[in-house]
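Encoded as structure tokens, the following chain is the form predicted on its own, with no partner shown.
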């Protein structure tokens, strides 16, 4: 079910009370918006992304999108209101986009599965939004007094992403614009247009970061706080040294007279890390995912394999929280390249560099590794759930 996504990031976030746009406030070592953009980058059915920001923050957001793995996207200049920003995002979409999802950049915890669920329902009914039930008793209050108690069983809290047939949403938004009205979300515009909006089950963890306490909760959920339920996996890979091949370790080209034999580029460091991630998620190993008999993976960069692995993890509701790698080899010396390898591994697995460890050991001249015939990489990965 292919769809486009409009990410709205042009707000000011005044209720946060911060000296800068709340979307740049740090959460789990990254700006808040990073997590939203990283999720969108891992949506396998998403064919087009429009990022809506202010002109002043355009370059900063585009750089952040690159860091999050979102390399191909369109940009639109936001307006004074969210309504105007969504209109600008829709106008930037190429012709022929059948389905569009609109998502708030301030919701960093929406899972990839939620995007796909909303898109599927929107394709079936024309308009869909995720909702969660209201658990507290709801009072209607006027002038500091309770006017009445509302029936919470008839109420729901709306979230994003909200999905629509693109033609329907554009028509509804244009009608609302002509009438001079404003809408708090896109579903309201479709309702006023006479369209029927269906609902899908939302995610309670999909909070909109608005106030400082929301930021602290997002930090706990994304940063390994007490609400996390981590899973740990172990990976190991060994490759023989051969002449005539470049030596790739952790996505870094290391100068050496020999490289590592393998169907791909032979990057034992990334292979071990990928296997550790698959193990933590309870998935088959790297050889089952990328079989050596597959001609399409011959000589492929292991960074490409890692990107595919990370995408699958996110699709299943997991993200990598930490990677610890040990390289065992007599030569070459790893220490001069350890910092570069650490940075590369952090980038590949969408981590802060502080969440990656690279250690180098020798085999004390024992066995094939000790004789300089092979290199071994060991890895431990920690995964945390991205959604309930």
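Numbering follows the first chain given and starts at 1. Just so we're clear, the structure is a prediction, and the values are computed from it rather than from any experiment.
Just so you know, the form predicted in complex with cytidine-5'-triphosphate (CTP) exists too; it's not on screen, but the next bit is about it.
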To verify the annotation, which of these, 263, 208, 165, 239, has a non-hydrogen atom within 4.5 Å of cytidine-5'-triphosphate (CTP) in the model of the complex?
208
Can you pick the one in 111, 159, 302, 85 that has a heavy atom within 4.5 Å of cytidine-5'-triphosphate (CTP) in the model of the complex?
85
Any chance residue 195 has a heavy atom within 4.5 Å of cytidine-5'-triphosphate (CTP) in the model of the complex?
no
Consider residue 9 of the chain shown here, and say whether it contacts cytidine-5'-triphosphate (CTP) in the model of the complex, taking contact as heavy atoms within 4.5 Å.
yes
According to a 4.5 angstroms non-hydrogen atom cut-off, is residue 106 in contact with cytidine-5'-triphosphate (CTP) in the model of the complex?
yes
Is there a non-hydrogen atom of residue 80 within 4.5 angstroms of a non-hydrogen atom of cytidine-5'-triphosphate (CTP) in the model of the complex?
yes
For 22-43: residues with a non-hydrogen atom within 4.5 angstroms of cytidine-5'-triphosphate (CTP) in the model of the complex?
22, 23
